[in-house]
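Form predicted on its own, single chain, as structure tokens, below.
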């Protein structure tokens, strides 16, 4: 499991989540309800932290330094919540096979609510600082246009695909865990400032996804139940013989885990479907005819993590 933390180190919780889903599918084990709620809360907090990182750094890519200071300020508060529940701030190893490593400490859920109350108005602040900034719009609108057809043909997913106007999110279209219990929307690019699928659309999808993550977390915090946080599994886990493939939605898109078991305590084969690899592959296609200065913006709007590309 700790290897999955390092694959996409900006979305370690989401990677833990995807791997556990595959192993649990082979095991056929039932996850305690409280653990499912904690998984969703942590995954959506990690989505917010990841999008805050790329939002701030993308502003820096286009010459805007100040927004990064604002987004990192909020990201630190998310990392404080992570540190409190699992002791780590980057590679968490929090989601475990059968549940989660430990329960939320006393008062932690209230501190999550306090963070959401503090954070939601900050999104308007980002829009004033960056999203509606004339220079930023000129640097990103009509740049690196990714059409829906090209996005689908290259296997793009996540904000890359949704930025092109394709309404596809596994949390809605192929729900896993308990995502089918929550009410939220899927933001897509609409070409507000330029062409559908440009750099501005991809950026704005991430801003709006943070709003939806806040909605999901609020519902999860309100609906969480008391109870165990781990399924009863043997200390030395031998997974039944067979194979399983599961997919889930990380901040960068669709991650897939394919596992083959021969009945031992280690996987015989494990193969990963990486969203960053597919998203990066389209770079040459959407950069043709662009200025070198625009290439910096286009790459920044893709939001790759090289550990995720290399696997």
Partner chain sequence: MSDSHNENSNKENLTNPMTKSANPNIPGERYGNQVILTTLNDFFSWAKASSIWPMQFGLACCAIEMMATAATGFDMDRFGAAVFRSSPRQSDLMIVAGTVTFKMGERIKRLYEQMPEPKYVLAMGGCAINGGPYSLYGYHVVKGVDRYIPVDIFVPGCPPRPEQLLEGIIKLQELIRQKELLKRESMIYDPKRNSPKTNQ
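Numbering follows the first chain given and starts at 1. Predicted model only: the values in this text are computed from it and were never measured.
There is another form of the same protein, the form predicted together with the partner chain; it is not shown, and what comes next is about it.
- Annotated contacts: 10, 57 and 72 all touch the partner chain in the predicted bound form [non-hydrogen atom within 4.5 angstroms].
- When contacts are judged by a 4.5 Å heavy atom cut-off, residue 102 does not count as touching the partner chain in the predicted bound form.
- Residue contact with the partner chain in the predicted bound form: residue 135 places no heavy atom within 4.5 Å of it.
- Contact annotation: residue 91 falls within 4.5 Å of the partner chain in the predicted bound form, judged by heavy atom distances.
- In the predicted bound form, the partner chain lies within 4.5 Å of some heavy atom of residue 83.
- Of the candidates 76, 180, 114, 124, 76 is the one whose heavy atoms come within 4.5 Å of the partner chain in the predicted bound form; the others do not.
- Of the candidates 68, 27, 41, 35, 68 is the one whose heavy atoms come within 4.5 Å of the partner chain in the predicted bound form; the others do not.
- Note on the interface: of 195 to 203, 224 to 232, 114 to 122, 83 to 91, the segment with non-hydrogen atoms within 4.5 angstroms of the partner chain in the predicted bound form is 83 to 91.
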